[in-house]
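As structure tokens, one chain now follows by itself in the form predicted alone.
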Amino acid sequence: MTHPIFACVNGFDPSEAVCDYAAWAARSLSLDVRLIHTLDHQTIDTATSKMTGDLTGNLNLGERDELLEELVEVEHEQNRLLLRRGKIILEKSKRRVEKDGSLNVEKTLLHGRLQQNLVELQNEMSLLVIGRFGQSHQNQKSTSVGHKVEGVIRSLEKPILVVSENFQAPKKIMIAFDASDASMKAVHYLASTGLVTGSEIHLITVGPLAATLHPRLEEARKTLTDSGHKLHQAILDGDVLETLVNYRKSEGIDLTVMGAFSHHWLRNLLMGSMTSQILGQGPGALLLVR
């Protein structure tokens, strides 16, 4: 059985881009799409506990019981509205993904934490598409990656496509290559899946490779050219993060690909600053391959 592409939608930016990238990937890979929306009730429970706890010393027993009853009613109403909102988000996202009529789309509404749900479902997915921030990061779009997204990246064993606010069909692909096993897996993923068939691939290494690692660079080059990709190859000098970000901007790279997790120079750059810098420079996406 071929597993679908999972796409996480939350109703905030960049949910529309998530839908568009999921549709693009599904058409490229001839797969179905499964839309995921998670209702996390922890925030409501925490707020209720805090409210009652703050007032305990100021209320008598009858007043406290009356307040608790009212809070329970409010919580039930909030949960009902969250459920309704989730269904609306999923239906709207479904219409966006299947707008050209060529894709099969399934909707899934889950309860609990996003990271835990995705870990439990990862054996059912081929690729995860997720936005780089949620509601709590709406005012920090240019610089931040949501902590929930970082948690998902650390936890999942499947390829993850992290997207920013705007969709742009990838035509120029940059592979940040450090000759690690993770980098090689990223190369073989692109060569074997057909996700970026016909795209221009830039195989980029920053800093000199040890002589023992050069055969891997040649293997990567051959793997990509044998799969029919037009390849540009470069070994650049400078700070790794700055060099990759500048190259991405100067060459108009639409999709950056990295192995997750590398044991070389990409390892310390993958989380936080690297993801933020790569995705904070306009349209584009970051594909992390395990």
Partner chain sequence: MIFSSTKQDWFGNTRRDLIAGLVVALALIPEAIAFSIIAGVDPKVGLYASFCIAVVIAFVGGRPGMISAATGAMALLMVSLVKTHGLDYLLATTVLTGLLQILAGYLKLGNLMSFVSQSVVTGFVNALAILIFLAQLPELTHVPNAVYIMTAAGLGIIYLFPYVPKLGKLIPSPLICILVLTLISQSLGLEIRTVGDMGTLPDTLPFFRLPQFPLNLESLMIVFPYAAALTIVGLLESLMTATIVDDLTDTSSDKNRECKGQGIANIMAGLFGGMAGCAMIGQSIINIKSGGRGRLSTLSAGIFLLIMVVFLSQYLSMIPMAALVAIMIMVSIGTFSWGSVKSLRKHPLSTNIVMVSTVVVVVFTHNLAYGVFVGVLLAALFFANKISRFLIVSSELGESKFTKTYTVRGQVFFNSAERFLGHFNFKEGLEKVTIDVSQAHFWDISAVAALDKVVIKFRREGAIVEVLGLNEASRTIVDRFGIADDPKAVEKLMGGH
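Note that this is a predicted model, so its numbers are computed, not measured. Positions refer to the first chain, counted from 1.
A second form of this protein, the form predicted in complex with its partner chain, is not displayed here; the remarks below concern that form.
N117 belongs to the set of residues with a heavy atom inside 4.5 Å of its partner chain in the model of the complex.
Among heavy atoms of H111, some come within 4.5 Å of its partner chain in the model of the complex. At least one heavy atom of E73 is located within 4.5 Å of its partner chain in the model of the complex. Under a 4.5 angstroms non-hydrogen atom cutoff, its partner chain in the model of the complex lacks Q122 among its neighbouring residues. Checking K148, K107, K158, R96 against its partner chain in the model of the complex, a heavy atom within 4.5 Å turns up for just one residue: K107. Proximity to its partner chain in the model of the complex, defined as a heavy atom within 4.5 Å, holds among K185, K171, R154, K87 only for K87. Although its partner chain is omitted here, in the model of the complex none of R221, L224 and V240 has a heavy atom within 4.5 Å of it.
Heavy atoms within 4.5 Å of its partner chain in the model of the complex are found in exactly one of 65 to 73, 224 to 232, 245 to 253, 24 to 32, that being 65 to 73.
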